[in-house]
Every structure is written in structure tokens, then in C-alpha cells.
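Heads up, the chain below is alone and in the form predicted alone; it's given as C-alpha cells.
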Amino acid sequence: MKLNKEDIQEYNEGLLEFHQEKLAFTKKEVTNAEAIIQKLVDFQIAIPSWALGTGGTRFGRFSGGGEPATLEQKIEDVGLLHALNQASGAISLHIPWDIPKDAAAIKALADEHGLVFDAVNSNTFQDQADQELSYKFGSLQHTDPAVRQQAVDHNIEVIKHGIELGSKSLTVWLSDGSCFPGQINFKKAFENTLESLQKIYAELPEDWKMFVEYKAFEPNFYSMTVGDWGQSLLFANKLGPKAKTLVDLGHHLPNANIEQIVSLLMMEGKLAGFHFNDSKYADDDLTAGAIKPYQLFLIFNELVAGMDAAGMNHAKDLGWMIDASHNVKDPLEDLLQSVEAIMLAYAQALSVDKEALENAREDNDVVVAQNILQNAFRTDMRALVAEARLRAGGALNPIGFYRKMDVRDKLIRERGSKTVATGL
């Protein structure tokens, strides 16, 4: 289904007076409000094709109905999100969960919804029905060269799909590792993985990037072959300038200082981008900003400082994508909440007085430095984020409009109550 622009405009008119009052108040408090609004208009966060259905736990999955059963329907759902917030203008495909049978038609459908294709993602952490060799004991690290080659070939196939769709990057996340001491030779596992990644890297188009993702644990709990940002950076440095480290906010041990990791990766020119989510314990895949909004802001503070120092384009030079699992929420509402939280953290970081902060740091004035950051975090930026949506043609209150139009009920009537999306 498609949302009617006129309906969105009519809905906005009923909220406009209150919104303008809030906006005027915020502009008095935030000196660079107009510059922030423009950056928010430009900023886009990719939606992964696997996040459009209900997620699951190890024990069960409870469908909410109306889930997209095909790639075409997934594109339509991302189109719905983008129509509402005007900040979700890209979709990231996971192969083989979502293989485009007709790339030209899929690309045309995406264009119809104002979408482009972000990073394509390979999958060697599952065995597929028609797969000859198993990844039970690893893929790119496997002791059997034939298994490694099968995984390499799959990644090369994913690159080919991405080229057809206009993507410019490949994300490689590996579940490779070990469950028990003594199970693998760490050095050989690293060397096998590097050799496999080098074969994949050699097939990248000149203007592409390879995003090497890491994870501290799960599904292997004794070791992961790309287990932290240091291991990922090792691979990226050995592979070459097109390889960079992808940061998933949930892929760290508890209390890791992610903002420091981000700062150092940017210093080295090796930060690929982000998979946004939130967690209380580990890789919980919760709505971005639901648990640790201050951490999300602090990460964006380092991002903004690093991008500005390097003269980077905030919207285009790094990869921005959500990676979450919506177990008990309507997935579309959850994604709208995540995008909103990300935009708020970005807006807050843009409001930080960088010169004053740096002066306080140079003077070792810890109190002033803390106050500068906390004052920015405690400033209500919702009116600026809403204004950016309004100027771009979106809804002032995306979830409010979504519910007013009974979108989920309409999707259930259109698709049925028992549809199951591929992926999570």
C-alpha cells in the first residue's frame, strides 16, 4: 500500500500550531537550529530488509500479521516508513533471504518509493536448503578449503546482486569461531579467514567498500574469529583501503566504551558505519535509544566531531543502518521509533559547542566539559526533528498518523494474518 501525501498534509495541519510554538521555543535555545534542521533533512538511515517482520527468540516467534512475504512487499513497507519520516530512503538487502529475481524491476519499484539500495549483506552463518557443504564449524575460517570456497563464492554472488541494484558496499558478518577450548587453532582460523576475505575483496568494484562486522560472542561463546573492533581493524588494514570496520552497537561486551572505539576508528580512517540498536545485556537488538539514549548521543558527539575534522559528508561518507529484532512490537512502529531516536541523538550532537568543549578539555575543567555535553543531551530537539520531517514532506507525528490510518490493519487485510517475513 501507499500513503497519500494529501492525507499526510491534512494530518499535519491539525498539529501545526502546537508544533510551531515548540519550534519557536527550541530556536531560542539552540543557536544553530536552522543548520541542524538542514542536516537532519539530508540525513538518511537505511532499513534492513530482514527487520520488516516480527523477530523471534530462541523459544518462539509471534507474528503480528500483515508481514511482507516478498521482497516487493518489503520495499513497499520501507516506502511507507520513508513517506512518514522522510529519513528512511534506503533499503539494505540480506542475501539469500531476499534475492531479487528481476533486478531491473526491483530497482524500478524502489525508485517508485524514493528508495536506493544500501549495503548488501552476505549470509554464511546458516545452512540453506540447497547448500552442498555445511557451515556448522565455520565458513571463511573452515578447515576444509571447499567450505571456504563455497562461502567465498556466495559473497561474490552477493556483490553481483548489489552491482545490479546500484549498491556500493558489502557487509560481511561471520558467526565463525569456537564453542570449546581446543576446538580450533586461533592462528589458522585467522589466516584462513583473511585468505578468504582477500578473495572476496579482489572482486569488489573500484568504487565499493567492504564492511567487516565484529561480534563479541554468539553463536560461538568461547571465541569469535572477528570478535572485537581490534580484530576487525586487523582484517581491514590487511585487506586494503576499501575495507573498513562496521560497528554494531549490540556487538560488544557490557559497558564497552563504544564512543572511544568510534573515535579511534575515525582517527584511522577505518570506520565503515553503524548498525543501530540498543541493549541492556548484550546483543539484545532493542529499539535504538530505548535503554541507553545518553550513550547514543555520546557516540554521535564523537561522530560529528570526527566527520567535521575530516571534512566528511555526514549523510554519505559513512553507512547508517538499523539492525534490530522486534519481538513484541509492530515492526514498522519500532523502526519509526528507532529512526526518531537516532535523529534526536544526531541533532543533540550537532548542537554541542565544540570550541567550548575543547577549551574545557585543554584546561582540564571536567565540570564544564560534562555540563556542555549534558546540557546538549537534555535539550529537547523533537521540534527540530519534526520540522525536518515537515520540510521534507513527512508527518509531524509518524506513529500518530500510522495509527490514525490503521496501516497495520490494512496490511493484514491485504496480506493476511499468517504471513511470515524472511529473515529474523
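Everything quoted here is computed from the prediction, not taken from an experiment. The first residue of the sequence shown is number 1, and the count goes up from there.
Missing here is the form predicted in complex with ligand RM4; even so, the following discussion is about that form.
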- Establish, in the predicted complex, whether 76, 113 and 402 all lie within 4.5 Å of ligand RM4, using non-hydrogen atoms for the distance. no
- Item | Candidate from 195, 228, 157, 283 lying within 4.5 Å of ligand RM4 in the predicted complex - any heavy atom | 283
- Task: Consider the chain as shown here, without its partner, and state which of 235, 135, 97, 297 has a heavy atom within 4.5 Å of ligand RM4 in the predicted complex.
- Result: 97
- Is residue 278 close to ligand RM4 in the predicted complex, meaning a heavy atom pair under 4.5 Å apart or at it? no
- Message: Is residue 215 near ligand RM4? Define near as a heavy atom within 4.5 Å, in the predicted complex.
- Response: yes
- Answer with yes or no whether residue 323 is in contact with ligand RM4 in the predicted complex, where contact means some heavy atom within 4.5 Å. yes
- Although ligand RM4 is absent from this view, report whether residue 333 comes within 4.5 Å of it in the predicted complex, heavy atoms only. no
- Which of 245-253, 139-147, 187-195, 304-312 lines the interface with ligand RM4 in the predicted complex (heavy atom within 4.5 Å): 245-253
- Task: Counting only non-hydrogen atoms and a 4.5 Å cut-off, give the residues of 31-59 close to ligand RM4 in the predicted complex.
- Result: 50
